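Coming up is one lone chain in structure tokens, specifically the form predicted alone.
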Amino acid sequence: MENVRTPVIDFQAKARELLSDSASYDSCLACGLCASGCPASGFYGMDPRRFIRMAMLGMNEELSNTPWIWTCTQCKRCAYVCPMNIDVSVLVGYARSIWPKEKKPQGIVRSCEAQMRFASTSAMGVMPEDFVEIVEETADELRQDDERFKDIKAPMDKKGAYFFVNQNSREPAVEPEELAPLWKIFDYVGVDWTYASKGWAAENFCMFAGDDMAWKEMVKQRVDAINELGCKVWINTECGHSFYTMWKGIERFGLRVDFEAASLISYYAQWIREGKLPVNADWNTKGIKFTIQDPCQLVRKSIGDPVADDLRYVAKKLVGAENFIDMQPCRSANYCCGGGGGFLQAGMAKQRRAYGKRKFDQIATTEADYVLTPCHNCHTQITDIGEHFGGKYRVVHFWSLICLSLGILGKNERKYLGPDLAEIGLQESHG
């Protein structure tokens, strides 16, 4: 691998080519706001400010070969705080694209290759027929185990359904019991929805691998599946990066879509406001405390503070406003946890956990018992850094607490709940 040469590119020229109308790389004030707010600062002797200064000084050999680009999660917090609106992540993304495949982190490359292998587009290699079988078996078990859901459906390839739902591969691949809570929510609300046997997977590591052609192919397969079924709205399961890679890919590659892209979190909030999800915090008699991790890909990079506000509205309804403690900073200014950008698959655990220490400290300051986050990468990373640094918190999906509040969370759907929550509602549950 040492003999595989990385092409050297002109970063200054590329910066000007990729420049947005509102930014100027020449106008970098070297104020350090970007570096001070970047948890990857210091890895491999690099930080966002140094990256830009080196680009402007023509230090192309060094920038073309620095492994720092794989520790940057492309979370865009540097651009968010930059007074000149300079976005280092754009150059990082381009730098990733020029690395030979043999030199790229192989975990990210393998995840992208797995997506390309089958029509399911699953990064975990779940084939279309396997997904269909897992969904059918899980739905059958739910109907048999809980009389209240004896008629529940998990539609597949339903033409004309209002919602098309992408599913993160983690559930069907390794924890199918986590599929049912979302289905129960849909059933409770009366949602007209469907999965598809092709293009159903939510994740997209090809973007993180810097492979634009593969990124485009992944998005196109999913867009084609939605257009073919004639669905009106595409929503994602609780996953951050897949929301960004989908809508950004549609925009970047000029794909024709006959549907709207929307966030599941926004619909949670809408259904609660409309009374369709009559959740409350009556179950939280012990005053268990919760905080929220704002996924960079969903909040700062996609919808912005409106979806962050929806996250907090839902959380406070679920756990009680008095039991919710926000991290600081939060919303669009929140720090990346270190799970995004392919970092979890990059094989750089030492650096990833060092990156995550800032997030761990944020959580520890809140003294929360649980972290709520609608993102699988955040979920995995925050769990990992908690175990690594000796944290006392647990990480939980929104769908688990919604079903817990409604009294419909089954006994086998409590994987991420601690002893303080594990028995709540079981006396009413038929599951």
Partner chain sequence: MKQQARQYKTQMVVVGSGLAGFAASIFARDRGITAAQIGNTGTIAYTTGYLDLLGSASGMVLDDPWKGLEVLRRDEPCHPLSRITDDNIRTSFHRFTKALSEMGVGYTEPGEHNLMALLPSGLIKPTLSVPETMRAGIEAYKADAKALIINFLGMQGFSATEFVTNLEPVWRNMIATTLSFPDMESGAQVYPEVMARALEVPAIREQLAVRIKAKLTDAECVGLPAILGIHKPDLVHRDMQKLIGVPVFEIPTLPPAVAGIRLREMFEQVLPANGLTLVPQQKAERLDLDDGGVTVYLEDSFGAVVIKAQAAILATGRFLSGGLTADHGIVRETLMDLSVSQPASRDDWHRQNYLDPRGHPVNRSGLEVDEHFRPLNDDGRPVDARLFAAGTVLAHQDWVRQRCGAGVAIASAYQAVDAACETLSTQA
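None of these values were measured; they are calculated from a predicted model. Numbering follows the first chain given and starts at 1.
Note that the form predicted in complex with the partner chain isn't included here; everything after this is about it.
Participant: Look at the stretches 52-60, 35-43, 377-385, 392-400 and give the one with heavy atoms within 4.5 Å of the partner chain in the predicted bound form.
Facilitator: Careful reading of the contacts points to 35-43.
Participant: Give a yes or no on whether each residue among Cys31, Cys82 and Ile250 has a heavy atom within 4.5 Å of the partner chain in the predicted bound form.
Facilitator: Checked in the predicted bound form: all three residues contact the partner chain.
Participant: Please tell me which of Lys184, Lys317, Arg77, Arg96 lies within 4.5 Å of the partner chain in the predicted bound form, judged by heavy atoms.
Facilitator: Of Lys184, Lys317, Arg77, Arg96, the residue with a heavy atom within 4.5 Å of the partner chain in the predicted bound form is Arg77.
Participant: Considering Phe243, Trp200, Phe343, Tyr355, which brings a non-hydrogen atom within 4.5 Å of the partner chain in the predicted bound form?
Facilitator: It is Phe243 that has a heavy atom within 4.5 Å of the partner.
Participant: Please tell me whether any heavy atom belonging to Lys301 falls inside 4.5 Å of a heavy atom of the partner chain, as the geometry stands in the predicted bound form.
Facilitator: Yes, Lys301 is a contact residue.
Participant: Tell me, yes or no, whether Phe259 is in contact with the partner chain in the predicted bound form, where a contact means a heavy atom of each within 4.5 Å.
Facilitator: Within the cut-off, so yes.
Participant: Given that the partner chain is not shown alongside this chain, does Phe290 nevertheless sit within 4.5 Å of it in the predicted bound form, heavy atom to heavy atom?
Facilitator: Phe290: no contact with the partner chain in the predicted bound form.
Participant: Answer with yes or no whether Asp361 is in contact with the partner chain in the predicted bound form, where contact means some heavy atom within 4.5 Å.
Facilitator: Close contact exists here: in the predicted bound form, Asp361 approaches the partner chain to within 4.5 Å, heavy atoms only.
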